[in-house]
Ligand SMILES: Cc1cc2nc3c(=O)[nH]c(=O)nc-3n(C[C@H](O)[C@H](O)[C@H](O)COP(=O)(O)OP(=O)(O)OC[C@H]3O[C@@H](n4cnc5c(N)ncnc54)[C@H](O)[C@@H]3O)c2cc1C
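Before any questions on how it binds or moves, here is one chain, the form predicted on its own, in structure tokens.
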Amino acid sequence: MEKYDYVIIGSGASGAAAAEKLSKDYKVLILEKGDYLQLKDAHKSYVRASSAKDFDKHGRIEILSGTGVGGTTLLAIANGVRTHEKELKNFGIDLKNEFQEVEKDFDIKPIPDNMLGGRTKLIIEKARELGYNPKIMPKMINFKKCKACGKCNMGCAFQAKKTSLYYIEKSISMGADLKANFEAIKIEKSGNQFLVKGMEKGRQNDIYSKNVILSAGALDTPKILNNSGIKTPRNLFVDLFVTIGGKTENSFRDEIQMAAYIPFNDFIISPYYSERIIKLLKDMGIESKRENIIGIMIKIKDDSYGYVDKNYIEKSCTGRDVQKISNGVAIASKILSECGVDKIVSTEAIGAHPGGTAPIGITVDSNFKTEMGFYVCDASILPEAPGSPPLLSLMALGKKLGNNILNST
């Protein structure tokens, strides 16, 4: 029987970063529920995370998610902004060095001016005229390879987007093992080690390890914790967002999504194209095409009020969430009007960044440990919604846990 020092459940942002830190000095096994997909095929890993019996009774908030080696980094739009710096410092977690390390690993930098698309430039111009201060989004993209196709959320056909696959492949090169298509179900304490019980390709498979790092993501981690006897709180946030937009007389080419953003206290707004806008306009009798649609995403820091059950996810908008969305829509609507949009439509609210389901200070301590002694490190431990893309922060958390372990031995 193969013996491991660390079994890491999940290969997304945090799990992959922790594996990259530990694989040089320890025998590491990475478990992933999904397939090992090429980046160009990442769209095959999309799952309807909120699909369940009686979905209509549980808030009707669809939550975007993906399952595959690399986790949802395969489907992310490669935004590289820092989040939760102050909030995590309150728990004694300083990510300054880890942020810098990830930023160097992925060469994170703002999009060059010559790669900003027409939609983005128009929105920036009109936002400034209205007195707002748009910023250029830092990205995890090799701009020399990027074709600005606007399809980062489908993977990347040009291998320009950088994902957790970088850390996974580096870990494997240092001796780590990887099991794809392994679904962890439960963690048990067995003497001075842990037993991970799961299903591999339809068959039960149990794996022993000295230590376990649970990084299965904020929707699967609480299920595994509850199965393991650790009750999780009703604390789910999802960074709710809507996209509003309409038709202009301009003709735009495809471009990098969310290439700029305007930060506010409880939300950000950012240029974003949604295919749904065309359908919504058609329902109003307005024919349009992809090239003349302009849209803006409003992404809010929603209330941590939701729950992941074994059979469903319960999440809905609170009154404060609705007010935040309304505030963002009002600002974005002014910008769109200045861009020449007459009829503005809005998509339904969707969740993009689930987290908070095993929060630090409740489910885990400031060393990322549970009461059973294994670690949890992913978006589930975040204390509150970021209201902006947390990918960089999740990678930094994985690095932090790895550094803590290395410095304690």
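Predicted model, so just to flag it, every value in this text is computed and none were measured. Residues carry their position along the shown sequence, with the first being 1.
Below: the form predicted together with the ligand, not depicted.
Q: Considering the ligand in the model of the complex, which of Ile213, Val102, Ile313, Ala76 comes within 4.5 Å of it through any heavy atom?
A: None of the other options qualify; the answer is Ala76.
Q: Want to guess which of 202-210, 182-190, 114-122, 274-282 is within 4.5 Å of the ligand in the model of the complex, heavy atoms only?
A: Contact-bearing stretch, as computed: 182-190.
Q: Residue-level question: is Asp220 within 4.5 Å of the ligand in the model of the complex, judged on heavy atoms?
A: Answer yes; at least one heavy atom of Asp220 falls within 4.5 Å of the ligand in the model of the complex.
Q: Gly34 near the ligand in the model of the complex, any heavy atom under 4.5 Å?
A: Contact with the ligand, yes.
Q: With heavy atoms only and a cut-off of 4.5 Å, decide whether Val28 touches the ligand in the model of the complex.
A: Looking in the model of the complex, residue contacts with the ligand do not include Val28, since no heavy atom lies within 4.5 Å.
Q: If you check in the model of the complex, is Thr363 within 4.5 Å of the ligand, heavy atoms only?
A: Thr363: no, not in contact with the ligand in the model of the complex.
Q: Though the partner is not shown here, which residues of 193-214 have a heavy atom within 4.5 Å of the ligand in the model of the complex?
A: Read in sequence order, no residue approaches the ligand (within 4.5 Å, in the model of the complex).
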